[in-house]
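One protein chain, two forms: both are listed below as structure tokens, the first as structure 1 and the second as structure 2.
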Structure 1
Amino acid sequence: MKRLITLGEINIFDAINDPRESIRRMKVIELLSAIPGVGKARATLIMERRNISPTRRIGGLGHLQLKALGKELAVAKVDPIRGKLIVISGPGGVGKSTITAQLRNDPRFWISVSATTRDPRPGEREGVDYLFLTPEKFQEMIETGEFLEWAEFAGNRYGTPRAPVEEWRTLGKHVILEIEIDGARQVRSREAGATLIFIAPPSWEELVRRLTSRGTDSPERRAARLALAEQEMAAASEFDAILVNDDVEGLIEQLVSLATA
């Protein structure tokens, strides 16, 4: 890996975003030192300036450290290949959250965190589950064009802030948005290069089973969920790819292949 960096065949961001454990265990300073024009002395200075331990390994770089390193390397004119924007959508109950949860530990991806005006629920963490905003702040962000998409549901607003999406893509991460159909349409209209992936159930009957299996739902609520799912299924043809969730591991392999091709 170090030799490839020195030869200019890859850059350090390729290593930072590499999921292989052997690469994740490498020390950051070793890879920094291999960059042409950086060397050991400058690499040490960069890490000291950004408060990164000389023993820090690639897999241990935190969010703020990665941002700081990106700024330093931009000065050194070491640019990552810009990450892709991947939108995952589909009917409720199809397993979108399960899919994104399994991608959280893959260093090639960053899962977007939505903003909302609703109050936090027990156990929810700011910046992890949602960005909790006041209605006034949310409205201000709408007016200044700071959302890739937003919608109102059950008296609250939800949206995808544009700034962190751009930030992570600049650092070479593929950004995953798990959003509703209308949100996916908004992203398509604003980001022509986004890849829209529709997650479909193995069959309509299986989706009905999942949506009606909640014993707490009233008959009216079940009927409403099924009617909405029917509308959402009809939107599948608007997407770039349709992946059937009959095997989560196999579906994730397909999604990763689409994202990294």
Structure 2
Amino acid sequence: MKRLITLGEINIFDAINDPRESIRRMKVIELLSAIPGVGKARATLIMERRNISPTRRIGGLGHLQLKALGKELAVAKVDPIRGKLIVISGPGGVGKSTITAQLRNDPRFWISVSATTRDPRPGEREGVDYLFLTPEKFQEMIETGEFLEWAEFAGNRYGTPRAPVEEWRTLGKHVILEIEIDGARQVRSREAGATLIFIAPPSWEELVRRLTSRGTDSPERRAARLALAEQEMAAASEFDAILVNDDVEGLIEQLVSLATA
């Protein structure tokens, strides 16, 4: 059934109206994702917008939900205004991830999930904080052109998978990349319309304090991070805007207005 939908041979409503138990037990999200031109991201968005639980099965759809789905699919051909690409960069330890975490629940934004070859830190989750890849898999993705940008940082590789960025922008979400400086430079040269935002610490002393208080790094790694941070601070002038991270709330406000301007 899913394959037939993908091939465009049957309409999703054929599936919705099919009395067979095997079809009634299929997840709505799977069938929606299989529709040509819809895909996983748009299917998820439609379900969220219509308050349909991601685990809902075809047979469990209520009348109103069916009607809502019908409306969504009728207009699915109309593309929303493409979302912007926003790069948030700055030295390690400046608090970039705290900032992006605050935007996670804002439906106007989608925070890109990077791939990395580094090991997960305690509490980090696969597919949420990062895609944790082997060096071989990372290399393969470089060779197949799957990264929008990638860079080496403190002995590990980090990269932004291109496909989800495109998918979410097509759905009208502003996509946020939280990346280091080399990656930001690559985005600048590849995506002329991207907005590059530099997050600066209140002072160099404060940055050193934040970087050295992280208990998970070895002394060598810490020294490397400090040296890199110094280089990164020197790149601030290449950015479209510099925001100082002395008050997270205020910074988020500035960021949102820059992003949605």
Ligand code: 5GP
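Counting starts at 1 with the first residue of structure 1 and goes up one by one along its sequence. Just so we're on the same page, rigid core means the largest C-alpha set that superposes within 1.5 Å between forms. Since this is a predicted model, take the numbers as computed values, not measurements.
Between the two renderings of this chain, the form predicted on its own is found in structure 1; structure 2 comes from elsewhere.
In this overlay on the rigid core, R157 has a C-alpha that sits 2 Å or more away from its partner position between structures 1 and 2. With the core superposed, T195 shows a C-alpha displacement below 2 Å between structures 1 and 2. Comparing the forms between structures 1 and 2, the C-alpha position of L133 differs by 2 angstroms or more, with the core used for superposition.
In the rigid-core superposition between structures 1 and 2, residue position R222 carries a C-alpha shift of 3.5 Å.
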